[in-house]
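This document opens with one chain alone, in structure tokens, the form predicted on its own.
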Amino acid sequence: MKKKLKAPYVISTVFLVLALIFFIAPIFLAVITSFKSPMEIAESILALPKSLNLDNYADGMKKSDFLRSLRNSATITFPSVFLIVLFSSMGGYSIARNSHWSKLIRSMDSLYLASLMIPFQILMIPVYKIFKNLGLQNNLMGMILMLTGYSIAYATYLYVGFVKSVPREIEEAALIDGCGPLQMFFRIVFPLLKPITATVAALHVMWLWNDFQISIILLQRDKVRTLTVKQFYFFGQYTAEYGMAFAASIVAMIPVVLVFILLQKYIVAGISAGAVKT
């Protein structure tokens, strides 16, 4: 029995090690490159730096106007995630609980899922024109509205599957005790949605913080640009400052890594539960 299990065990272990190397290698290269001088980068990408060159971090943060860009990214990301959680949880609850008596509501779940298949490249020009005509271009509030609207479909889809696993008897008992619909949702149901809420929040913090396509279209003034758009500053037509670019990107991803570490235990459980239809 041990001999039969040995080969699959070895194969799976080797596969996991190779996968780990595959995912860690880009991060390792980014870290060592951020400490190299331009001459060391030109000599070898894989070689370790001869000394820890912290000038890349200081110059990269200065050139990208790091504090302002960080504030813009935070101003856009966290309010958007709050609105996504608020509206998608209410929408997912309504669809899950009322789909049995209305074909229109029942079709909303499929409609949200179908909308995820539309690539943003198809929407780029209409979005640009609409937001420009409404005066919402180069406006952080307009960016929040765009990110919220664009992200609600997937979040709602996850909530629908999870709400179906919540027993209806809990809600009925709350209504009998005198709770109104909104009070019952926010005081009884919403706390039970903690796993999927943490999943939605963690995923969308990562996605919105790292957004580039929407930001480059709607935020074209320097004072409202986010950290991801500021990465353009390190690459010109004839030059590329890789050391500063990697240094700035490493510092920029620290908030997202911290959020992911805090909420990672909910992500897999929330996605698997939210994707189940009953």
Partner chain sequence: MKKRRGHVTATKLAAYLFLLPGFLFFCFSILIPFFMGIHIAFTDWNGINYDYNYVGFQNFIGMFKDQRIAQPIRNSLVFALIGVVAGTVFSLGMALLANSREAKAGKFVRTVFFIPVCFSAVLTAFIWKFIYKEVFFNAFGIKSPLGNPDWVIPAIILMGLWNSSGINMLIYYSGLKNIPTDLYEAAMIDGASTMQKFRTITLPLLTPAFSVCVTLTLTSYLREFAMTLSATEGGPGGASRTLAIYVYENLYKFSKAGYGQAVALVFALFCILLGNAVSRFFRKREVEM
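Everything quoted here is computed from the prediction, not taken from an experiment. We call the rigid core whatever largest set of C-alpha positions still superposes within 1.5 Å between the two forms. Residue numbers count along the first chain shown, from 1.
There is another form of the same protein, the form predicted together with the partner chain; it is not shown, and what comes next is about it.
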- Message: Check L29 for me: does it contact the partner chain in the predicted complex (non-hydrogen atoms, 4.5 angstroms)?
- Response: yes
- Query: Heavy atom to heavy atom, is L46 within 4.5 Å of the partner chain in the predicted complex?
  - Reply: yes
- Might K129 be said to contact the partner chain in the predicted complex, defining contact as any heavy atom within 4.5 Å? yes
- Query: Heavy atom to heavy atom, is F78 within 4.5 Å of the partner chain in the predicted complex?
  - Reply: no
- Enumerate the residues of 114-150 that have a non-hydrogen atom within 4.5 Å of the partner chain in the predicted complex, in sequence order, or give none. A114, S115, L116, M117, I118, P119, Q121, I122, L123, M124, I125, P126, V127, K129, I130, F131, L134, L136, L145, M146, T148, G149, Y150
- Message: I want to check L54: does it shift between the shown form and the other one by 2 Å or more at the Cα, with the core superposed?
- Response: no
- Item | I216 C-alpha shift between the shown form and the other one of 2 Å or more, rigid core reference | no
- Message: So, superposing on the core, is the move of L67 at the CA at least 2 angstroms between the shown form and the other one?
- Response: no
